[in-house]
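Quick heads-up: it's one chain on its own, the form predicted alone, in C-alpha cells.
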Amino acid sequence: MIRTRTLRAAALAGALGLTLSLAACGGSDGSGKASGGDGSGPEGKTIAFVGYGNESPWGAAYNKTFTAALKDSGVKINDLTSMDAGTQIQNFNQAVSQKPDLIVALVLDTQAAVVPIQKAKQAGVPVLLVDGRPDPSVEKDVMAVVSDNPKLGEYAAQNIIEGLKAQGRDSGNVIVLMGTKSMLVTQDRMEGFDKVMATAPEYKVIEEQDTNWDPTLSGKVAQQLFAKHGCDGVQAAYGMADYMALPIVQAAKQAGCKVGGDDGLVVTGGNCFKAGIDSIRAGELYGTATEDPITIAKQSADYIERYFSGKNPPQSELVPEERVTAANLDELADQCSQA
C-alpha cells in the first residue's frame, strides 16, 4: 500500500514531539502554542525568507514548493536565500530591520543565528525556524518546524551495518560526507549516526568530511578518499543527502571500485530524491531516508497559514522521518520522487 503523509498527521506527530518551552513574541504565549498571529489570515502579510540558496538541490526544491504553496494566500515573500553562511546572517539582520510580519529561516550556522534571533525578539518580529532546531539559548524565542535529524542519522547507520552484515563482512571501513558542520542539522544527524555505529564496533568510520551539502564538492572529496584509501580500504559510505551519496557512487566507479551487490561498496544517502530511489532500484544505493524537501516545505507553509489565521499551531512541530531500503521502497517511492 502506498503510504501517504498528511499534513494533519505530521502536525499531530509534531505536537506529540513538542519539547520546546514557551516564551514571548515569536515563541509562545505560555500555552504551548505559537503566539503573535493576529488571526486575520495571511492576506497582505510580509515574510522575510532567509532560506537555503538554490545552489543546494534540497534548497531549490524546498524554495520552489514553499513559494508555490503560499502563492494564493496573498502573502508577500521577500527572498533572502543564500548558501553562504556569512551572507545568510547578514540577510537575517537585514530582515529584522525591515520588520516583516514573520521571518522564516533555515539557518546554515546555528550558533551565529543566535544574535539575529535575539534582535528579532527585541524588535517584536516573530521567527519561524525550519529544518534544524534552534540553539538551546533561543529555543523559547522562536517557532519551529523541524526534521527528526537524530533519527535520520540512525537510519543511515542502520543501512550501513545491515548492508555490510548482509555481505558477511566482520570488519569494514566507512567514510562520511557531511552537510555543513556548523548546522545542528548536521551535528544531530552525526550524533544519531555515531550512536548506532557504536553498536557495531567491527565497522570503523575512518573519514568524516564537511562537503557543505554540495554535490560537486562531494564528488571531488569522494575521489580524493578513494585515491587515498583505495577500493580495498573503503567498504561503506554515508552521503548525508542522496545528491551527496550518488557522487560517491560515481567516484567509486571511476576509481574502479565495485558498488553494491554481494561484495561491493555499501552506500547510503538521506534527504531522499527520485535519483536516489532509482539508484536503490538499480542495486547501487543500499538505502536512504526521508526528509524530502517537498514534505517539509508543504508542512511549513501550512504552519504559516495556521499561524496567521489565529489557529495557534504548536510552538514546535516535528516532521516524522522514515528509513528507506529496497524492502520498503514501494511504500515511500512516491514521497521520495517529487524532487
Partner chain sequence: MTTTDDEPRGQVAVAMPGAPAARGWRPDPLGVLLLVVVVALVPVAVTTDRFLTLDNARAILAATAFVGITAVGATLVMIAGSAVSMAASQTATVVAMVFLSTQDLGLSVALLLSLLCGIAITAVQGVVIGYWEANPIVLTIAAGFAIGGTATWLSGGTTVYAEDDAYDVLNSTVLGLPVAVYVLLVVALVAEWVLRRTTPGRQMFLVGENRGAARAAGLPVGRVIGVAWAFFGLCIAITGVFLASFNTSATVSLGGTLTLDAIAAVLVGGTAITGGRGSALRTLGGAVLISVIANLLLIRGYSTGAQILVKGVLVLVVVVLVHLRSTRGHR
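Numbering follows the first chain given and starts at 1. Please read all numbers here as calculations on a predicted model, not as lab measurements.
The same protein has a further form, the form predicted together with the partner chain, not shown here; the description that follows concerns it.
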Considering non-hydrogen atoms and a 4.5 Å limit, which listed residue (Gly172, Pro100, Pro215, Gly163) is close to the partner chain in the predicted complex?
Pro215
Just to confirm, with a 4.5 Å cut-off on non-hydrogen atoms, which of Lys140, Lys220, Lys76, Lys119 contacts the partner chain in the predicted complex?
Lys220
Within 4.5 Å of the partner chain in the predicted complex, do we find a heavy atom from each of Gln224, Ala227 and Pro247?
yes
Using a 4.5 Å heavy atom cut-off, which of 67-75, 131-139, 147-155, 206-214 contacts the partner chain in the predicted complex?
206-214
Exercise: Met183 in contact with the partner chain in the predicted complex, heavy atom 4.5 Å:
no
So, Tyr286 and the partner chain: in the predicted complex, are they within 4.5 Å at any heavy atom pair?
no
Does the partner chain come within 4.5 Å of any heavy atom of Asn312 in the predicted complex?
no
Considering non-hydrogen atoms and a 4.5 Å limit, does the partner chain approach Glu55 in the predicted complex?
yes
Residue by residue through 261-294, tell me which have a non-hydrogen atom within 4.5 angstroms of the partner chain in the predicted complex.
Phe273, Lys274, Ala275
